[in-house]
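One chain comes next, on its own, written out as structure tokens in the form predicted on its own.
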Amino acid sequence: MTEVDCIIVGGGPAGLSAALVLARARRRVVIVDGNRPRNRATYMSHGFITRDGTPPMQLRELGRQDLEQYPDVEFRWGEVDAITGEDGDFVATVRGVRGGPSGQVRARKVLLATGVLERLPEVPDLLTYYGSTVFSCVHCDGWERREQSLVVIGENPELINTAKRASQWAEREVVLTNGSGVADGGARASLAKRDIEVIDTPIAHLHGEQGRLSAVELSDGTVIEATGGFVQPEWSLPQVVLDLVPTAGDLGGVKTDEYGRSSVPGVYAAGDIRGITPSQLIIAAGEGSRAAIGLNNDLIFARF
């Protein structure tokens, strides 16, 4: 069984950044990643200084390349199915993917950087356009949608805030609740101040070519022209996180202190699982670094 100072669950910006800090602190680290990031449908990532416009999978590959010079860091393709034990002696059960090895890893500390699971509204053909002209993060992809006719689609109350944010970029904006009716009278009145219409009619079809949205057709036959848009997903935490950290909530995330320490001794969290908003790669990377510093400090001070 492999024995390390820390197992990092998740090889995105948070996990890779944490691994880099720990590697430079002379810690033995195993990173486990299942190669299914939430932003895998997106062609380009934005807002990451020096890497603006880099494809997200390439950004991850560059991060892994940075770690290759550190001999005490091991990257594994796999899924962590369970973590048992306690501070100083955790055991993670890893199921290999993409040819990665299965087995167990014993670690003194656990750093959760899995990201969140994403469920999109049940709209026909939405996946055809998601990541090309329809996105979930206005601050990540709003610039490319500037001065366009946009739709904002969602079925939960956070849709209203997403619609307000999107107005910073949109020339014209229509909010579509897909029959959910989540916008109450106050929300409608607020959006109407910016000439943003809210429509509850269910969505029948999205129209366009090669991932480029051109129009939304509603179930009553109404057609709304739009060249792009934003969608409000619903998020949840992976089961391995919920099983390990009882304070985790579906949207609220894992409660931690400023250095990523959760309520479970020896378990740290970084990135989107601490709270999905705001959600940017550069924020996740910074959180990974901060959590790694807290984790390393705890290992150092325990010696005294």
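Because the structure is a prediction, the values reported are computed rather than measured. All residue numbers are counted from 1 along the displayed sequence.
Below: the form predicted in complex with a small molecule, not depicted.
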Residue among Pro37, Gly253, Gly266, Gly63 with a heavy atom within 4.5 Å of the small molecule in the predicted complex: Pro37
Any non-hydrogen atom of Ala291 within 4.5 angstroms of the small molecule in the predicted complex: no
Heavy atom of Cys140 within 4.5 Å of the small molecule in the predicted complex: yes
Ala18: touches the small molecule in the predicted complex, heavy atom cutoff 4.5 angstroms: no
Non-hydrogen atom contact Ser136 with the small molecule in the predicted complex at 4.5 angstroms: yes
4.5 Å heavy atom contact with the small molecule in the predicted complex for all of Pro121, Arg188 and Leu206: no
Partner-proximal stretch of 177 to 185, 146 to 154, 108 to 116, 209 to 217 relative to the small molecule in the predicted complex, 4.5 angstroms, heavy atom: 108 to 116
